[in-house]
Ligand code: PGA
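Only one chain is included here, represented as structure tokens and corresponding to the form predicted on its own.
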Amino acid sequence: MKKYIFGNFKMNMSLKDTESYIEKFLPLVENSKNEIVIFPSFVNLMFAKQKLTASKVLLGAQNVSSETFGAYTGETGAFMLKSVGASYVIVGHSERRKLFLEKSDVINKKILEALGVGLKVVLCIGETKYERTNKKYKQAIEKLLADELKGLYENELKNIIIAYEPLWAIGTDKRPSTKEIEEVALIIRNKIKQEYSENSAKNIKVLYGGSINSQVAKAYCMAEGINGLLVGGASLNPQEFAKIANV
């Protein structure tokens, strides 16, 4: 069964680095049956698209503005990302929430902007260490889904992918167990069922993200209710990411 393997490069790689990376990476995944997407920095998007044109690897952006266009210095609109060849965009990443204080109302606007121009959205959600320790993660995840998918029609869910990234695991050596990941995947699907329908709950794509490497990738991909992986640091090494992408 096809898996969705996404690599978030974050604020790394120059133009030359990106070129070298893609040249090394593409031959390693040319026979993969999975949907593979890389998310370079904004300044490398157009160049990366040119390098990916003859491949099956798709392009994504790491963020998008909550506004359509106008006097928003430093922002990048959804239509701009679409125009340079992006197919996906990440919204609500834990680093955006923590470092840039993005709240659910802004994230909801970003989702609507992205969907409005035909981009697919990777919505990142997850609980804090406090919420996990105090067994409040179910309520936290359900609230994020309710608030951030507000206003979406059911037919728009086909362009939404939910990435579960527990905040306490990001950038650490700590990882949830397969059982814990499966439990959260079920929480997500049950909430989608409650808000929309059983069919939407069944079809929604759920990824896991957080301290992934090639040693644990297969086990997480095989977890019940998980359709793929959102990879951070390990995606910066083309050989390592290829191992993950070929699971």
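Keep in mind that this is a model prediction, so the values were computed, not measured. Quick note: we count residues from 1 along the sequence shown, nothing fancier.
The form predicted in complex with the ligand exists for this protein as well; it is not shown, and the discussion that follows is about that form.
Q: Report the stretch among 101-109, 88-96, 127-135, 74-82 that approaches the ligand in the predicted bound form to within 4.5 Å, counting heavy atoms only.
A: Heavy-atom contact with the partner occurs in 88-96.
Q: Quick one: does Lys10 come within 4.5 Å of the ligand in the predicted bound form, counting heavy atoms only?
A: Taking the distances in the predicted bound form, the answer for Lys10 is yes, it comes within 4.5 Å of the ligand.
Q: Does Pro238 reach the ligand in the predicted bound form, with heavy atoms at most 4.5 Å apart?
A: Taking the distances in the predicted bound form, the answer for Pro238 is no, it never comes within 4.5 Å of the ligand.
Q: Check whether Pro40 has any heavy atom within 4.5 Å of a heavy atom of the ligand in the predicted bound form, and answer yes or no.
A: Heavy-atom contact with the ligand at 4.5 Å: absent for Pro40.
Q: Decide whether Val64 counts as a contact residue for the ligand in the predicted bound form under a heavy atom distance cut-off of 4.5 Å.
A: Judged by the heavy-atom cut-off of 4.5 Å, Val64 is well away from the ligand in the predicted bound form.
Q: Heavy atom within 4.5 Å of the ligand in the predicted bound form: which of Leu152, Ile160, Ala169, Leu144 fits that? Just give me the one.
A: Checked against the cut-off, the match is Ala169.
Q: Quick one: which residues from 130-167 get a non-hydrogen atom within 4.5 Å of the ligand in the predicted bound form?
A: Going through 130-167 in order - heavy atoms within 4.5 Å of the ligand in the predicted bound form - there is one hit, Glu165.
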